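Quick heads-up: it's one chain on its own, the form predicted on its own, in structure tokens.
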């Protein structure tokens, strides 16, 4: 039985941790950490139950990765990732992912320029995985509006050699051999701009997620479409949603057919009328339900790519944060929502730690 939950929030000015018991009714604030510095992502390591990793991307002091072994009470600066190629300079960290349960010291990081890095000492030093940028399509990768970032990393729950990543603008790439070789995994997805049919690498994936316990279950929110992994490719599941555009997406940890998304209207990139809502599917995208109970009516909020997460309790908690600094929580899988915090700096990421 879990003792509680922590919500891990990265903002434009620092990181925050909100703690609660398993009832998830009252939240205690800790932080901010790294005040006045942008924190793109805060990741929890469920293998040891106490490590946090923060992607700090300061415009003045430069980017760095911070590591905590006590759930955020103290932090230590890690050695920065560095590319093997002199022409490439580490600009920022987009995403940090704890490694497979069978590899307790392995941690992964995605950067800009788009690069995958591996740590074998729990995040303190990093080694570039050169095979990804050695892919034949690399010279045609192009930055999205937010830059050329490797922003998503997922691991197969049963096979530590199976890794998937998402790059803007290139798409999803899969490795079945621990990152030694890579294959394009964009079949079934649409393109933003017209490209020849044979071009499979020019895709604007916004966020890629995979189920933590069921192999092969994954989904993505794309610039053009919401998709469910199917037969080695993708099945579009945008029908029933108010928009095929958005960033944030999360899977239910206990139900492999349940997912949550926060669609955005275009070109405004704000919640569509009549206002903010999370949309949930219980059948792998065949149908969707709008969930807005407790959310402010008419509020046209914006949620960024790392801005939504779920915990591992039953019923599962769902959380999202907006660019206006509001942090919302649902302890009943989206049926009702309550405000955890308001007037935070712009929220860049929302993660969770389910505490044993």
Partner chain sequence: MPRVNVRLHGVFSDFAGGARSTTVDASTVGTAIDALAQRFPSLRERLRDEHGRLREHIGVFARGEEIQHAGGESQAVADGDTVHIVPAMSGGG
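Just so it is clear, the model here is predicted, and its values are computed rather than measured. Numbering follows the first chain given and starts at 1.
Omitted from view is the form predicted together with its partner chain, to which the following refers.
Undergrad: Determine whether any heavy atom of residue 37 comes within 4.5 Å of a heavy atom of its partner chain in the model of the complex, and answer yes or no.
TA: Yes, residue 37 sits close enough to its partner chain in the model of the complex that at least one of its heavy atoms falls within 4.5 Å.
Undergrad: In the model of the complex, does residue 86 come within 4.5 Å of its partner chain, counting heavy atoms only?
TA: Yes, residue 86 sits close enough to its partner chain in the model of the complex that at least one of its heavy atoms falls within 4.5 Å.
Undergrad: Using a 4.5 angstroms cut-off on non-hydrogen atoms, would residue 64 count as touching its partner chain in the model of the complex?
TA: Contact with its partner chain, yes.
Undergrad: Taking heavy atoms only, is residue 13 within 4.5 angstroms of its partner chain in the model of the complex?
TA: Close contact exists here: in the model of the complex, residue 13 approaches its partner chain to within 4.5 Å, heavy atoms only.
Undergrad: Please name which of the stretches 257-265, 89-97, 137-145, 191-199 has residues with heavy atoms lying within 4.5 Å of its partner chain in the model of the complex.
TA: Of the options given, it is 89-97.
Undergrad: Sort through 231, 158, 79, 181 and report the residue having a heavy atom within 4.5 Å of its partner chain in the model of the complex.
TA: The residue in contact is 79.
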